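Here we start with a single chain on its own, the form predicted on its own, put down as structure tokens.
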């Protein structure tokens, strides 16, 4: 129906309802959950996709291709959030902090389609404006349209030439914008990695690649042959004898072994640090193992299976009751004796000197898993390190105390930040030296316990890297209690 101008004159255009695009609406909902609830995309997105795929296509359901596009829009937008913010800031007439967060999410989705995908410009702008009309209203959709038109003036490289300083003038800020990492994270990674521009560039680029899904065939319960024989584009892992990589993505839950708990999703770096602890030379008894921070249970399930093959028992401790239940679920069906307790590792419920092998995978900033949780790079702050520091040191001290004389402790963290790795280990060892009545420990060279894995540095500790090893940036230090 045509409408007449209130002031007379030509009839106005008939109002057209916005077209609802289920793919982009779902992507927007996921971004809002990440922003409003501090949720993680890898936890929020799967249930949204599952619900959408169960719908009839006529009612907004998604097929496999739609789900893949929604996934790319969410992860791609989150991964380059800081870079897109810098570009959007050049295209708006106010400070970015004054742009409403939902509007900024829509703009970021549009920027990613324009600068980070092969979607044609006109289609990216049109689809994003339609999304804005649905979720923001017609008034703010006009603002979105105007900003996106300005973004179309250049491609991503052209925009980066505008917003990033030259490398020679400010290397860290240049890399931060070109590779979408906060400056402080670039600096921390570079300190831990060492080397020049080529090395840090390779690491940052690897952080921006979507990782393959990696499975673990839990010893005694499943085999890699079973998993690779499923026809799910699965191939053996690079380093762990129990790892299988799903090279084309795929849905792990579709595999019988995963549904039955005989196999699980587990990064190969996570498998390697558990195997290193299990394979560390040990004199005397080898019957009691402890996983001090076991949630959600991936390493505990692997350790439990390895322990069972030697007749050893595993105690898995987790402070949070709901995470302790996840650990019990992961261990369910494991051969051999195991038990789970809800306990704080800094206030142990076990007697000192009780265990032959101890794993302490401490809470950390998670900077080693930015491939999997791209939003974490923008959420974390340098001051978070100070919050984790006392806990990490306290847990490692108690881990050493829990080991018997001659027992082995694996200090593990999914962060390469030196403040969470070597600084923690060095501080605890120095502290133990100052306590003549307390336990003592020494570092053990962990490198021989990762056979075939290249680029492990000078030791005795080990830092894995995404660009070198195809794993998360897991850190491992092995300590032996000496008294």
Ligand SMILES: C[S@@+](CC[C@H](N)C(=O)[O-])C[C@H]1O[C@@H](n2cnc3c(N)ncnc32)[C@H](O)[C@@H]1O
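The structure displayed is predicted, hence computed values, not measured ones. Numbering follows the first chain given and starts at 1.
If you look for the form predicted together with the named molecule, you will not find it shown, but the lines that follow are about it.
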Discussion item. Does any part of residue 379 reach within 4.5 Å of the named molecule in the model of the complex? Heavy atoms only, please.
Written reply: no
Worksheet item: Should residue 320 be classed as touching the named molecule in the model of the complex when contacts are defined as heavy atoms within 4.5 Å?
Response: yes
Discussion item. Using a 4.5 angstroms cut-off on non-hydrogen atoms, would residue 85 count as touching the named molecule in the model of the complex?
Written reply: no
Worksheet item: Do residue 357 and the named molecule share at least one heavy atom pair within 4.5 Å in the model of the complex?
Response: no
Worksheet item: in the model of the complex, which of 295-303, 200-208, 166-174, 308-316 comes within 4.5 Å of the named molecule (heavy atoms)?
Response: 295-303
Worksheet entry | One residue of 216, 408, 362, 114 in contact with the named molecule, assessed in the model of the complex (non-hydrogen atom, 4.5 angstroms) | 362
Worksheet item: Of the options 124, 193, 343, 275, which one has a non-hydrogen atom that comes within 4.5 Å of the named molecule in the model of the complex?
Response: 343
Discussion item. Under the 4.5 Å heavy atom criterion, name the residues of 374-409 that approach the named molecule in the model of the complex, in sequence order.
Written reply: 391, 395
